[in-house]
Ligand SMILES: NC(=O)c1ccc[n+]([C@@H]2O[C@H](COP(=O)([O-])OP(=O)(O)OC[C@H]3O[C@@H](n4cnc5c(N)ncnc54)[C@H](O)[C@@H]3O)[C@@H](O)[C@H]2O)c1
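Single chain ahead, by itself, as structure tokens, in the form predicted alone.
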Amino acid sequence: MPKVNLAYIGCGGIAGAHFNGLKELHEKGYRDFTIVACCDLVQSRAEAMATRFEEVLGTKPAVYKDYREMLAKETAIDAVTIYTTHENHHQIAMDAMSAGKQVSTEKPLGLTLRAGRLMMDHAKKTDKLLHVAENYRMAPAERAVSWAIKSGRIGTPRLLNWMDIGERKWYWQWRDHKEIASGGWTIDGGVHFSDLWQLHISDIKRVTAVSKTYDPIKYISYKSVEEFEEAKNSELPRYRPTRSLKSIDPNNLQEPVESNLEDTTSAILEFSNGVLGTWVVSRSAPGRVDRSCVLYGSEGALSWNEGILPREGQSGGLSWKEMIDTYLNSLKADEKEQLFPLGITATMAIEDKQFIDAILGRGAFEVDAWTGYKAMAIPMAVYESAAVGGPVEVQDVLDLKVETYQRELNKLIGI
């Protein structure tokens, strides 16, 4: 049976998460891939990743510091997976496609939408696959959310309230620099949420937003207080723990670094089907974490983490776990195998299998470049609206007619 020869470009934290996904696939008997090379600007990271793959697959991938050298020398590579910082995605992807390789890249698709357009155009020109790692939608919980909404469990959707509020004082390395990350948590995490909203509800047609930087100073050295926020806010509904809210002792902050990113955005989202959304992101709000995420419908509400909540006095409620279990039990065997192959629910394993299967001609992957582009467009619309001081049409952002915020970034990467 043919195998797909993969190469890793970027061997940092997110690459490790994808390693775990491939490891689980291999352990479940899915052996339709091998890793032939690992590349990272920090060669020791590439070496460490290659050693990890050797322990699982039995052979050690070649190690490179320069991806161009890797593409030139490793002619057996069928596809590359890009796990670098955001500003590099477009150039690496286009170089790989020009070298005849299929491409999967971590989110967001590119540093800017114009960079994403270049990638999509080049994929079409070279007739290569361009997959975006947008994994949240593949979780059983999110599959269940889509099922609950589309089966009418809360009636007709009306109002989305998405709060992502807390405080982060610690320095998150490249993620605290606009020229590398393109924006703060509004895009870094928000690109996932944008994808979910458009999957569950509908496309978003208009965004009106403001942006603030209240606290630009972050700290390299600090004392972690793991569990502090969780204990302090244990009575609050929680959705998807995130490192961006990791707690620290404010009395042990050292080595200040100035970030040039926003730390707070507030947006009104107008969906094409009439749903109205409020989305607030802040990492400069001490004292109380708010992760409440609720979609209200004509017959009830769906709360991420709490489940389906009917109007008072009516039946039909389901806890978060009950909702997921009910959905999973409703699936036929072939549906369950398609969505959760080999019984796997780890989202990165699922998306990596989809990419490999697509290369082998076994169907399309779920998140193509256009889907990833649309997911990226909503956070960018937030930034563009804040930059122009008024509402923006998402279609104009998609069509690159509005690039006030992105103009500087495009200039920095030479496009």
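All values reported here derive from a predicted model rather than from experimental measurement. Just count from 1 along the sequence shown to find any residue number.
Keep in mind that the form predicted in complex with the named molecule is not shown, yet the notes after this line are about it.
Per the 4.5 Å heavy atom criterion, the named molecule in the predicted bound form is contacted by stretch 171 to 179, the sole one of 332 to 340, 274 to 282, 171 to 179, 141 to 149. Shown alone here, Gly184 lies farther than 4.5 Å from the named molecule in the predicted bound form, counting heavy atoms only. Within 4.5 Å of some heavy atom of the named molecule in the predicted bound form lies at least one heavy atom of Ile92. Mapping the unseen interface onto this chain, Ala358 falls outside it, with no heavy atom inside 4.5 Å of the named molecule in the predicted bound form. The closest heavy atom approach of Asp188 to the named molecule in the predicted bound form falls within 4.5 Å. Proximity to the named molecule in the predicted bound form, defined as a heavy atom within 4.5 Å, singles out one entry of Val42, Ala48, Val56, Val388, which is Val42. Proximity to the named molecule in the predicted bound form, defined as a heavy atom within 4.5 Å, holds among Asn88, Thr326, Ser303, Gln198 only for Asn88.
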